[in-house]
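Okay, so here's just one chain, in structure tokens, the form predicted alone.
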């Protein structure tokens, strides 16, 4: 399948492109800047499209079979960018997918979205935006999967995770490498048992495929 990766130049996004290059799918990497194109091609993208989440990016969906929305405004931006990218960018992506007949939609979310008030003032706008985007995705006719990773690390991919639809009791001393998050996002694409589900994920003791099959 041709998989549109929205947020392809982000830390998780780059890992998604690499994972797709090693799979039986082709990555269509969506980036905002011309100078990012060569980097994504080097990472294995079959195609790179220039588009801006804050504008009309519907053309990026042409010839696409599925979408992984992994975009994020980042910690250095204010609540305004969080709204326009993490929330409104996701909503527009859902609409374009429906308009173009793209049914499969995988969304990168976050733990803590079940109760944004508990995340602290600095994280609250981000968690609210992610929660609102998740809730709106549930109202569409898309075959969604919402992945909510715990605290992220830059460690090498372990290939071992723990996934739960019930939510983790604690995140103390626990995290998950961004590379493992990318592996999960790609792995769920063609796993029907993950369709129309929301789950949290951390580094764990089970092989990724095994953990996902148990959902």
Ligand SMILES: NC(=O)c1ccc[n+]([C@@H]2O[C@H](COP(=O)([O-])OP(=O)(O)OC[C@H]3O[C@@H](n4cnc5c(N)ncnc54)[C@H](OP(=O)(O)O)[C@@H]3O)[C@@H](O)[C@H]2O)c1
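Positions refer to the first chain, counted from 1. The structure presented is a predicted model; accordingly, all values stated were derived computationally and were not measured.
There is another form of this protein, the form predicted together with this ligand, and it is not shown here; the text below is about that form.
Picking from 27 to 35, 156 to 164, 186 to 194, 60 to 68 the stretch near this ligand in the predicted complex, with a 4.5 Å limit on heavy atoms, gives 27 to 35. Under a 4.5 angstroms non-hydrogen atom cutoff, this ligand in the predicted complex has residue 130 among its neighbouring residues. In the predicted complex, this ligand lies within 4.5 Å of some heavy atom of residue 151. Contact check for residue 23: no non-hydrogen atom falls within 4.5 Å of this ligand in the predicted complex. Remark: residue 109 counts among the residues lining this ligand in the predicted complex, judged by a heavy atom distance of 4.5 Å or less.
Residues are counted as partner-facing when one of their heavy atoms sits within 4.5 Å of this ligand in the predicted complex; in 1 to 36 these are 7, 9, 10, 11, 12, 13, 30, 32, 33, 36, in sequence order.
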